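The chain below stands alone, shown as structure tokens; this is the form predicted alone.
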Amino acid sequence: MGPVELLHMSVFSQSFSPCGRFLAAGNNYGEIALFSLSAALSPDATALSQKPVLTFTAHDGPVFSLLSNDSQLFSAGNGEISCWSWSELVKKNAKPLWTKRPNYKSSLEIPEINAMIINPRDNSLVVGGGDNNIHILDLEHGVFKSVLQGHSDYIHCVSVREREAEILSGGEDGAVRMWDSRTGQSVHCVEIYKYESCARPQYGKWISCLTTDSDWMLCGGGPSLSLWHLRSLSPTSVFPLAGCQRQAAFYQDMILAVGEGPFVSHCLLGGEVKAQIPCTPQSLNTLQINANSTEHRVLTVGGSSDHIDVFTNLSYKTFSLSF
């Protein structure tokens, strides 16, 4: 890859291997890079340890979403989903186990897939994207079994509340929809931008990040990042972060968020921003916490750069991996 491509590279997605020793990252050129965290974190690591052990082209167009289960990596690009075996990837064999495309209405336009999550309740892959619909792929039988319709614009993010059998989705239309995963019916629709405490009309109404933790939901985008109590469907904290947040996560007693600006924001549940930790990319798209391994428990952050920052301690960047 030439210097011009590296200059214009963006990292959109990340996923840790089931063993927690590898990180997969997807970029705007349709490539997936595999990094060895165990090599990069080892005491005798060299500059080479921070480069990929494998890079391959997985899709035409950006890889907006990567996700792993206990043995496979799922990647989404240009309207299709591919599945890869982690044990094969680690042996540097990049051949997909399968590639599937949801049943889109129009065959002309290829809607991009922006988000995927696994629903453990029925071992299905919940897929949200550019056709305004959520497609449910039955992983057991390899077939798309249902479509959840209700958003009036494309879907940016999806989340699952396993205990309640609910799927949540956020979109360009400014709505967060809650679906009964058993019936596929929309049970609630919350238009975040209509709440004065969250509204930022100058940024627009779209919802670009959404995550849940039992009875709590975190969402943001055009509207401010806000914490919602799902039983009362009301915002309990609104975070005073500038710009639009693209990903947020619950971590211990904090919230970690990334978006416009070269830093990871540490927020307290009550609404205050406790710290903003500097990062290499000027703007960030993706943040992942490696919960699959205590030995390699790191936070990794990617965005408008070919560098992915690695934090072994949340207070400062330890080093960067690079494509």
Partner chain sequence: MLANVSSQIAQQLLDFFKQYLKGCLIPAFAPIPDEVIRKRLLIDGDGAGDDRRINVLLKSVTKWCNSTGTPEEGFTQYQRMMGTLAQCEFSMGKTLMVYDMNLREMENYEKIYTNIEQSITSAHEKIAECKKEIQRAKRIRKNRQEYDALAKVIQQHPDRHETLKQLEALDKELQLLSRTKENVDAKLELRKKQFHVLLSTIQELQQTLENDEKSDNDDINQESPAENGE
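Here the structure is a predicted model, which is why all the values come from computation and not from measurement. Positions refer to the first chain, counted from 1.
Separately, the form predicted in complex with the partner chain exists; it is not shown, and the next lines address it.
Of the candidates Ser234, Thr99, Gln149, Asn123, Ser234 is the one whose heavy atoms come within 4.5 Å of the partner chain in the predicted complex; the others do not. In terms of contact with the partner chain in the predicted complex, the residue from Ala291, Ala45, Leu268, Ala275 that brings a heavy atom within 4.5 Å is Leu268. Annotated contact segment (heavy atom within 4.5 Å of the partner chain in the predicted complex): 212-220, selected among 212-220, 181-189, 130-138, 110-118. Contact between Gln252 and the partner chain in the predicted complex is found at the 4.5 Å heavy atom cutoff. The closest non-hydrogen atom of Lys95 lies beyond 4.5 Å of the partner chain in the predicted complex.
Mapping the unseen interface onto this chain, Lys194 falls outside it, with no heavy atom inside 4.5 Å of the partner chain in the predicted complex. Shown alone here, Lys145 lies farther than 4.5 Å from the partner chain in the predicted complex, counting heavy atoms only.
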